[in-house]
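Okay, here we've got a single chain as structure tokens, the form predicted alone, with questions on binding and movement later.
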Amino acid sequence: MYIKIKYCLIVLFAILAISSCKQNSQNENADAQYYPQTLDELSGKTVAVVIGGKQDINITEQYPEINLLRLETPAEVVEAVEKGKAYACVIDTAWTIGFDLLNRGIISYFRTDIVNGDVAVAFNKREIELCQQFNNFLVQIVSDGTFKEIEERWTNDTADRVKMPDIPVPTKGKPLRIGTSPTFPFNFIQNNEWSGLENEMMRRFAVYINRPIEYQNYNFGGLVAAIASNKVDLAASSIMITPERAKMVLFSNSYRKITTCCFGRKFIDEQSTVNHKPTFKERFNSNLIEEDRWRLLLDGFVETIIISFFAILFGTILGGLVCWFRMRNGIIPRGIAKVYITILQGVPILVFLMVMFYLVFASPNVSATWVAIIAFSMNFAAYACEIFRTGIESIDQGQYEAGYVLGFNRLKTFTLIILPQAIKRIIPVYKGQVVSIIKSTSVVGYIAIQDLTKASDLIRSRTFDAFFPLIIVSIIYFLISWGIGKLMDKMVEE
């Protein structure tokens, strides 16, 4: 009897669960057919925005009941809506040019005045003369119709097929350091060169003041910090004028007005035509073959290898030195080693990297690549020294005594007897730390280094495919890590 009741309850719960799922599905479909018309109607829903943008700031302040999904690029924002990670997105209307939204099943829900302002070029506050030169240049290209020509070229439905005009930029003189962030159609990589509305404008400006150009690619949220810390002279990346930013940087005259729209998925019933989904071959072509985009990944791969190699080399040497301090009998060297290890292991590598870049090595003359090598070397050393110490201390003290009996001094005993045994115990753990530091270098894009991960960002900003480039980069990182692991396993076997 008890068993029958038990099975009846199980069947009943199963029926209720299925019924609930069907009801939820019906509710979702009903919800999908409903298109909101105001931000108030998005209360409790997930809305994607570009992190650090004015949309992010204003929605946070005025609509705290909206759940924000903050992403780095417009491509990621649109992908989040397409994949159902977000109910809708709120972005600059101009950013959607070239995204082929209708084919992605995305439509404009409504226009909103949540962001209503002007876009300008941001300058370091010490570059007053440079800012004035740009304002004079802007007046000139607006009055002679050049700016209208530039705007019409890049802000229409065929912008993704536009070629950058041939504008020979000076090659001698003090470089004009320009901070930018990939955002189609204003800044993007085309045929392995920066292109787009703002980049054409910057090229013309460089000719106007007779200075060569040096581009530095930052995440959008890091542009103002890069300007304020004198890492760049100016930033041209659809930066909106706000009172908070004006405290940190100097703005030029405005050259564009922002219009903001809320975009979301279009409900597609069973009778609707299924949108075309690109095949693997089409995505492979788009992300790697067209415009030789594979070269971006190759350059990023080389940068990742350089940073990783030198970070591991210098980190191992520094780790050995810290280990020597850590194993000394003196209170002072042991104390120094302990403080070093505690601090470096306690601070996240991204935070430490940015502190080193923006504070310790704030000088613009220090290469970002070398800053990354120094930061990762110091971080690696903090873990390597403990690996070395543990391996050495695991060797029985009798081995030292055996060396002394054979007439070896302490140094010879260590190098000829202790170290060979310790290495075999150290390498398996050391290998894991090596692989970890290689993968950790994926954050160097935050300080304007074009590594593998940053290369994928550049590709995504052009192809609007937020998935495929990341998969390619993941495979490359896996192959690097796997290859290093196999190499070190061979060392242990030998």
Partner chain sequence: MISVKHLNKTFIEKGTPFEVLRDVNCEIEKGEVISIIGPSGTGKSTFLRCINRLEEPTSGQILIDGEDILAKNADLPRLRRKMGMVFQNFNLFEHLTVLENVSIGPIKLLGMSKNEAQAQAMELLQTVGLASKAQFMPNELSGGQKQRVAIARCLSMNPDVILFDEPTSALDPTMVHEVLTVIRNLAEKGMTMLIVTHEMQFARNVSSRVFFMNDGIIYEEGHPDVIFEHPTKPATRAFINRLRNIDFDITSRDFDRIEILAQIQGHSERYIRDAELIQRGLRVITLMLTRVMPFDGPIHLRVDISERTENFYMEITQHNHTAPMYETISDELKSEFDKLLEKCDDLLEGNSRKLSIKVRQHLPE
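Since this is a predicted model, take the numbers as computed values, not measurements. Positions refer to the first chain, counted from 1.
Note that the form predicted in complex with its partner chain isn't included here; everything after this is about it.
message: Although the partner isn't part of this model, could you tell me whether residue 221 comes within 4.5 Å of its partner chain in the model of the complex, counting any heavy atom of the residue?
response: Taking the distances in the model of the complex, the answer for residue 221 is no, it never comes within 4.5 Å of its partner chain.
field: Heavy atom of residue 403 within 4.5 Å of its partner chain in the model of the complex
entry: Flag for residue 403 set to yes.
Distance check, residue 407 to its partner chain in the model of the complex, heavy atom within 4.5 Å: Although its partner chain is absent here, residue 407 would touch it in the model of the complex, with heavy atoms inside 4.5 Å.
task: Look up in the model of the complex whether residue 398 has a non-hydrogen atom within 4.5 angstroms of its partner chain, and give yes or no.
output: Taking the distances in the model of the complex, the answer for residue 398 is yes, it comes within 4.5 Å of its partner chain.
task: From the candidate stretches 113 to 121, 135 to 143, 213 to 221, 412 to 420, select the single one in contact with its partner chain in the model of the complex, where contact means a heavy atom within 4.5 Å.
output: Answer to the contact question: 412 to 420.
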